[in-house]
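Given as structure tokens, the chain that follows is alone and in the form predicted alone.
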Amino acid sequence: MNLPKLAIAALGGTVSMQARNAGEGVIPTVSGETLLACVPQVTTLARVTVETLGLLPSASLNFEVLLSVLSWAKYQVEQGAAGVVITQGTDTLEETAVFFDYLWDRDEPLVLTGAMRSAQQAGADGPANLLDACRVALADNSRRRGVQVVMNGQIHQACSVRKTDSLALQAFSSPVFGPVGLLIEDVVRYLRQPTQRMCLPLPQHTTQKVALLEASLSADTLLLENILKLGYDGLVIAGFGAGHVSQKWAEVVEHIAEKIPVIIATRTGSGATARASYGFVGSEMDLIGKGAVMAGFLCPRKARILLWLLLGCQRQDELARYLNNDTCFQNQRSSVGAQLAGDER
């Protein structure tokens, strides 16, 4: 039997963590090769290439590292890989996924996974998540779906997935939209058809800085007032409710938006920003009038990544088009009870 090629990269994270000595906290120590040895079933599904590209907690990843990982992943596809799997820590998994998704212009699946329990814990979920991710990466019906996150038997789109619990095994969900697919009896089942995607070119430069601030009750404006002086090239605000800030913040935002792009997202963790509901000073209508752009369903962290990438390829003037189109959310609101689409192969 001519098995397909599968490429796996390990970046570190909880899935790779063990304690060196009893009583010490766990740290990344387990290589990708060792992880693969825990799931021998994968070698019956594909000819596997595995590389350890890093052993870092995901909080210490950065955009430059991710660009190098992306280059590695694209090279694997050029060498004939039918899919690519990346293991990493869950702390920044939702951000890494959307970073890759904006830049992944291949039909082949790029799948991210990790673990909520360290490699040495009883009931460690890393091996099962890795096996599921490999199955998703090899499935024909995963093609042309961009980047996906596979955790706890569920498949989530990069644009909508969020880590919504700090320690629970069921830490990942896609608020409003739900998972795009499931693994049922080891078969990859999708609930929705692939959607049209808009990919960006690789950033031409990586020194741009985008600030992320959260609105909170009675917050002062000191940081906000110094955004331009500090040299930031863009600003994302996690606003109240449907995309609101205080009157004092709104006055400062107007001046900032004259100089750099400003995105207003919602800090709530679910739902979209409004566009034409509220008219008070600091409301979404007021902020749009002052030059800010609403993030729609895109969460503040992912909005920051989009803006960073647009600035990097000098396409910041297209920000409103990318946000208003909500491209990665198109057709996600179709019935979750729709007939399951396709088989594993």
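Keep in mind that what you see is a predicted model, and the values were worked out from it rather than measured. One-based numbering along the sequence shown.
Keep in mind that the form predicted in complex with aspartic acid (ASP) is not shown, yet the notes after this line are about it.
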Picking from 188 to 196, 244 to 252, 260 to 268, 82 to 90, which part of the chain touches aspartic acid (ASP) in the predicted complex when contact means heavy atoms within 4.5 Å?
82 to 90
Check for me: heavy atom within 4.5 Å of aspartic acid (ASP) in the predicted complex, for each of G13, S58 and K163, yes or no.
yes
Non-hydrogen atom contact A115 with aspartic acid (ASP) in the predicted complex at 4.5 angstroms:
yes
Wondering, does A9 line up within 4.5 Å of aspartic acid (ASP) in the predicted complex on heavy atoms?
no
Does M17 reach aspartic acid (ASP) in the predicted complex if we count a contact as any heavy atom within 4.5 Å?
yes
